[in-house]
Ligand code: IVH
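Below you will find one chain, with nothing else, as structure tokens; this is the form predicted on its own, and questions on how it binds or moves follow later.
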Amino acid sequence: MSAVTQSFQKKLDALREQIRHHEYRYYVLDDPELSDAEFDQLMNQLKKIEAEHPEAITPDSPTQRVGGKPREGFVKAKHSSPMFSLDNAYSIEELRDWERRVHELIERDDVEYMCELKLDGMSLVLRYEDGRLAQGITRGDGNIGEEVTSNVRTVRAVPLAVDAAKRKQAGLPADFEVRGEMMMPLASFRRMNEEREAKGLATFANPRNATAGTARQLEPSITAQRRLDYFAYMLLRDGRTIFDRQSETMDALDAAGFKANKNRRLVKSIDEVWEFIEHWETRRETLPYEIDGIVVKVDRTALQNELGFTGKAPRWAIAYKYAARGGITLVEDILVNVGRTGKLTPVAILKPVPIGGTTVSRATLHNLDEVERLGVKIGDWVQVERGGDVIPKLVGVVEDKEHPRGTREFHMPEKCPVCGGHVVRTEGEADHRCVNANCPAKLRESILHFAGRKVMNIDGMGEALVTQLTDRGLVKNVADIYRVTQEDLLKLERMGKKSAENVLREIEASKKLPLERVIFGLGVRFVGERTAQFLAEHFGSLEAVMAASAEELEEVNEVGPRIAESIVEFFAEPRNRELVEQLRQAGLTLAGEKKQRGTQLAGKTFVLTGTLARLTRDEAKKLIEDAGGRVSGSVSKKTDYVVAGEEAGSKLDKAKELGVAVIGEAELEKLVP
């Protein structure tokens, strides 16, 4: 490189670094040093230089936040480790119960907690390779999300690169992962809705919905216009936490140039947690963004590892949800919705009322018993509540001089409002059901369920497409999905060639999904995601499930008489067996690996303590349970083995005191060859 070129590159790098500095001051610290006009002048200067020297443009240049053509769709990406939900608490008593469980499991009382605001947005993962932003991935189902990198690059609170000096200061490796919350500030939300209203477009109900919709825009320039924000709260390397404490993680995020929420506090007791909760409950309206609670985390990573996870949530964290926000509104009508199982659900149609940032116009009444319990009539004024992600619900009828009672009673229809089929209510059950197997409402909802993210994951097959397919008679059952052609799709509204190709590619990919997804997708009453997995592991094939008696089905984990009877009834119907045969012919996975618990560790009880080198706490637990063993949270005389890793706690001392055998990770693996 010539001296002139070196000089030019040095000036260019200095200009980019100057712009990055001012972006950080403005978007992360909220403390700008320049006016907007002065900042724009610097950016225009950089754009002019790069236009004259395109060979000098780098992916992390500030000019490259928005660029390129609109995307055709989003590809899926697997997370480095599962993204779990949090269990909720709604009172100080529930928080104390959680603390008590934490103390019992780790057998110590000196626990510190990190309190953070529970931001009301959407979870987002950032992956950095050699310090540069490589991927932005949505949460998805917690295991697999969608790559939205082009859109993430437009969020100015997200660094496009973290240089070596900042990484060193923060204690970060070259390759690392950040998890956090992407959200829309209230000012951006209001401005966007005003612009949409002026154009005659539908407005978004709340910032969370607007964020989710914006994150999945196929045109990054639209995402850029909506001014999203991003707060980081976790740092990982190869799916594991980097630092010894959550408080250290937050400090490292600050040092690396990420926007970690400053409204956080490290405390030593639930009483101090409660002070933090009360402090922000009275001040949440002063924030420039929405929160719906407080997240409380055990600070030390070693204790987090020791506590581990339940099936759906970490034991070391909990979300305190603020009380529901409510309002009073008028019940204008009560309609009946027909679901995929034929269940008839009364739904209150409400005079729109704003509650907690959302305009509420509908609320489920669940069943006739609930309508009668509330005593609600059409024309009544009612109290409606909504809290966090909870669906709006009617709390009660308002009776006073200002709110006169309604006069029209609600009656559950004797005929299905969709198909006119007979409606029945089985003795001992609360629900009314349409018994017509060919009810269009059941068909549409069944297909939406089958194509859903947690079932066959057919991206693009949403309500609009499914409605067209069923209305035109192209899909009469879920097996017909696999007979749809490109020619069929191109006849539908708003369906271009590229979109049709994407849908067909998703349909084809779904054939490779495992047996438990197919079982779940059939829509057998009472058979959810977890039960479907147990059935697949126990029987190993759908054919074996179909042939099983009620007694044989009850041998499956968590399958009782009610579920067993429902499965037998489902497969006793010839049309359902024919449906399975059609799915077989379509090439779906109807067989898998038959998994039964081993016997090597049958009758043996294990306790895990400390951090293992190769296995996570959940992996070690699964290894033991798959071999027939049992994992307990506390050491007693009945404990056979304590598996101890680094920083083993008081459980190790208790084991030595009781004379319980203590083994390491390698010895555990030898017990289960």
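Just count from 1 along the sequence shown to find any residue number. What you see is a predicted model; the values in this text were computed from it and never measured.
Absent from the display: the form predicted in complex with the named molecule. The rest refers to it.
Participant: Which of these stretches, 461-469, 270-278, 366-374, 109-117, has heavy atoms within 4.5 Å of the named molecule in the predicted complex?
Facilitator: Correct option: 109-117.
Participant: Is Leu95 near the named molecule? Define near as a heavy atom within 4.5 Å, in the predicted complex.
Facilitator: So Leu95 does not count as contacting the named molecule.
Participant: Taking 4.5 angstroms as the cut-off for heavy atoms, does Pro314 touch the named molecule in the predicted complex?
Facilitator: Answer yes; at least one heavy atom of Pro314 falls within 4.5 Å of the named molecule in the predicted complex.
Participant: Spell out, yes or no, whether the shortest heavy atom distance between Asn457 and the named molecule in the predicted complex is within 4.5 Å.
Facilitator: Flag for Asn457 set to no.
Participant: Could you confirm whether Tyr320 comes within 4.5 Å of the named molecule in the predicted complex, counting heavy atoms only?
Facilitator: The answer is no: Tyr320 has no heavy atom within 4.5 Å of the named molecule.
Participant: Which residue, Ser188, Gln135, Ser499, Ser123, is the contact with the named molecule in the predicted complex, using a 4.5 Å heavy atom cutoff?
Facilitator: Of the candidates Ser188, Gln135, Ser499, Ser123, Ser123 is the one lying within 4.5 Å of the named molecule in the predicted complex.
Participant: Quick check on this chain: which one of Ile242, Val295, Ala77, Val397 has a heavy atom within 4.5 Å of the named molecule in the predicted complex?
Facilitator: Checked against the cut-off, the match is Val295.
Participant: What residues of 173-187, in sequence order, lie within 4.5 Å of the named molecule in the predicted complex by heavy atom?
Facilitator: Residue within 4.5 Å: Glu181, and no other.
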